[in-house]
Structures are given as C-alpha cells and as structure tokens.
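The chain that follows stands alone, in the form predicted on its own, written as structure tokens.
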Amino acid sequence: MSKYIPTIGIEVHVELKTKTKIFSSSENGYGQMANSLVNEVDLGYPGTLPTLNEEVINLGIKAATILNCKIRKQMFFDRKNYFYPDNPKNYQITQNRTPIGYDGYVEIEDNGVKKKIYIEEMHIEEDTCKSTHRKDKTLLDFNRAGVPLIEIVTKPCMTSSHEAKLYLEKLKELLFYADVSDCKMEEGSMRADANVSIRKNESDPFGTKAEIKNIGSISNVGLSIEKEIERQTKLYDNGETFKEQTRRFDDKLGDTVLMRVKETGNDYRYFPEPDIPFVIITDEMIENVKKTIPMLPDERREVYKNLGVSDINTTKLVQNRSLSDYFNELLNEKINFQVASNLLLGDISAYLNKNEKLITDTTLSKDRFLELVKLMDDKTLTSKNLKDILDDILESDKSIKDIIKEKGIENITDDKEIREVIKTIIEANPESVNDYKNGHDRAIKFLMGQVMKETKGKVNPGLAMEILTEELK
C-alpha cells in the first residue's frame, strides 16, 4: 500500500449549559417527552421574534477564553437559508461573518511531545430539531430546536486519527471543567464532523476532501478517520479519483457510508439577521466571565504533582470532577496529600460507586476528612479498620474518634511495644528466620502472620513489616 500524508480538520458542535434556549424561554432539557419543551418561537410560527439569551454570550466568551481565542468585540447574527424538515423557519440563525472567537488553539501532548491544534473560529448558533426515521416516515422532536450551540472549527492541522482523538479528549475536558457544556456525547450534546483528505507529499496541494458527519463518540471519530484514509488510499493507488462528498459513520458496519456527493458549493444566501441587534462585548463583560472560570485540568495536574500526589492518583482525580473539586477544598491544609488522594480514590470511591452517590451526598465534611487523613497518616487507623467503619464515617455525623471508640478499635501504635512482640516471634521461630536468610520469601510472610496473630490485628501492617525487616537484618 502506498504511503500518503493525511490532513484532518474537525468541526465540533457543543450544546451549552443554559436553563433556557438561545432565542426563546423554552427549557433547555434532555430526555423529556417529545415536543414538550417547545413554544411558538421554536416551531417557527409566523410573526414570532427571537430574543437573545445573555447567558449564551457569557458561555461563548468563556469558551473562547479557555480555547485561547481572540474575542470579537462587535458581532451580529446571520440567517443561513436552507430547506429541510428539521428547520421549519427555512433558515438557521448562526454567525457566519462575525464568529465570537477566532485564531485559538488547544494544546495536546503525545508521549511527552506537545502540539498546538489551531482553532480557526468558534461561532454561536441554534440547534435544529431532531429527526427520527421509521421505515417510510420521519418523526420530528422540537425539544432540541433552538438549543444553544457553539461550533468549534479547527484548521486542517492534524495528521492522524490518534491526534484527532487526543484533541477531542482535551476539548471535552476543558469545556466540561469550565461548565460550558456537559459534553455528553451519548446524549448528543457534543457531536463531531471530521474532514479527511490525503496527499503524497507535503509540497502537494490538499487532496479531495470527504466530510464525515455527526460522529457520536471519540473512539468512532478515530475509527472513521482510519477507514476514510484506507478508502481514499485504495482509490488513489488504483489511479481513481472521487468528488468531494459527505459521509456518515455506520456503527453496525464499523465503516463510513456515502450520504451525498457535493456537485457544487452550498449557497446558503447568508445575510445579517434583521430581528437581532448587533452585540457589543465590553472588556468588563470579558473580565466578569473570566472570574467565573474554575481551576482547569492542566492547572490541577500541576498543583497535585507539586503537593506530592502520584501521577496515577493525579490522573484519576482529574478524571473525576466531583472528587477533584472536593480535593481542591483541602489545598491550603497541612496534610499528607498522597494519603488523602489514596483515601478518596480507594475505599471512599468504591463506596460511592456501589451506592451511586457523589461525595457531596455523604456526611464526610472537610473537617472530618482531615481528621481521617491524619489518623491514617499517623497509623492510628489501619486500612482494615477503615473498611470496618467506613459506612459509619460516610453516613453519620459523629466524630471519627467517637466511631473508633464505639467500635472498640484500639491499635498498637507504640514502636517499642511492636518491636518487643516481633523480637519474641523471631526467637520462637529460628527455622523461619534461617529460611528468610536463605532467600525464601514465604518465610517473612509467615513471620508477619504470627505478628498479626499475636497482636490480634491491632498493629499497622506497614509499620510492623518495616520493624520486622529491620530486626531480621
């Protein structure tokens, strides 16, 4: 198979987290009964007028800021004219000539190598209604009509499906953490189109482009790009060409399928939307929005690393927004942050998953968690003890010391006492000591078992193992 250079650009539509729609007072919701979140504006009734939702502009500014875009200070909306059943007005209100954000970038990292994926522009528009095809009928659900979207368009600067996936993962993480969108691809609140072409040499002009529409998951974006590169490679290797076209990804086939060939360019006859005044964005508006941006993922990673949290725990914390937010409440405390992250990601996480709860649904206040971290750090509590009392810690308001007292947990924390027990065990088991010295690992496990038995499990295993190893040497 001949070697070609792929060129990939991605367009992403993201639904914004607003209470109401972009141009009407209808609720912006998901999963409700079909056509229950609609009014006359959404249905395109004659004589209705759009009213711009201010929160959409604020979220647009926020998205442009976190994506390192320049922000347009004066902008207007355009009408994009086309006829389709999901669009009863026969036009969509969008931003063609004055997108709110432009010339931005998202930085990805692959095996320690950083690369900027450049964003050409980011514009605000309204979503259309959802079409469902059943045999020879098409059903329309207008709950989605008028939901606010931002469309983020990259430059054709990616060269592999892997880069495309890294870009989408980073974009999703940024928009989710900034509270711009919930980015639930399975609910359609983040949808991607991929533009793919290939060419022989860097100096050649771009090849003919195929656009793959509405891909519903990041893994499918990767798969559809690979399949498209494969398809175009076979055509060029056979000396064939193809016309610019639109395709879709078919889940069942695991491949792209032709939708339509673009014989001519689209003529949407854009013109400025006459019913919405120009929007002026002031420096004050931008500054007010910037104040609402929470700590973003890369900054969290840096902060956690500097506090001594392991790389694996840092990654897991950033993947769990509610635990990361909870952890951030502790950043100014003087505690062992590795122990704190182990606690959150270990037994506490297991409890939350099993009971389908968030940490904010438990009684684990900041003060009680700090108490727990200190008790674990100074070995007053063992991990076995924690398993025995965790439900009480997360479900009652009692202090952790009171719970320990009630449960009769008394651990031996005195090094001298532990050392005396260990010396007695070593003297009583000379054969096992010899086996250990002859390199038999099982011997130390046996001796450790004897220590736990003698102390009735009231000693911290880590501390006991440390002293046992010292005494054996």
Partner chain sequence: MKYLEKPIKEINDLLKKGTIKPIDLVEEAFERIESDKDLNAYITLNKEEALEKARELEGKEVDNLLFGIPIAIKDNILTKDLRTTAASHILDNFIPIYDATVVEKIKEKNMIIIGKTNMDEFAMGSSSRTSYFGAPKNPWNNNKISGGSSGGSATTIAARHVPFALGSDTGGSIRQPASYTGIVGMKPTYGRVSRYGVIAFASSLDQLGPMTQNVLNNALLLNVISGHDSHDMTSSHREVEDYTRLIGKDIKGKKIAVPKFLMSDIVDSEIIEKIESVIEMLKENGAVVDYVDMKYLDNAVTLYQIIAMGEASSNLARFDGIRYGLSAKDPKSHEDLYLETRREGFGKEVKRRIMVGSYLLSGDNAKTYYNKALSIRDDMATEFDKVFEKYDYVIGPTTTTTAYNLDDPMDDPSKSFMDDVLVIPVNMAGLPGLNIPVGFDKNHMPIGMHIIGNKFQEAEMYRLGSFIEKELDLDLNPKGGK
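Fair warning: this is a prediction, and the values are worked out from it, not measured in the lab. Positions refer to the first chain, counted from 1.
Beyond what is shown, the protein has a form predicted in complex with the partner chain; the following relates to that form.
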Touches the partner chain in the predicted bound form: residue 43 (any heavy atom, 4.5 Å):
yes
Would you check, heavy atoms only and a 4.5 Å threshold, whether residue 79 touches the partner chain in the predicted bound form?
yes
Is there any non-hydrogen atom of residue 97 lying within 4.5 Å of the partner chain in the predicted bound form? yes
Heavy atom of residue 90 within 4.5 Å of the partner chain in the predicted bound form | yes
Of 416 to 424, 48 to 56, 436 to 444, 63 to 71, the segment with heavy atoms within 4.5 Å of the partner chain in the predicted bound form is residues 48 to 56
Assert contact residue (the partner chain, in the predicted bound form, non-hydrogen atom within 4.5 Å, options 167, 337, 327, 142) equals 142
Exactly one of 275, 250, 299, 107 comes within 4.5 Å of the partner chain in the predicted bound form through a heavy atom, and that residue is 275
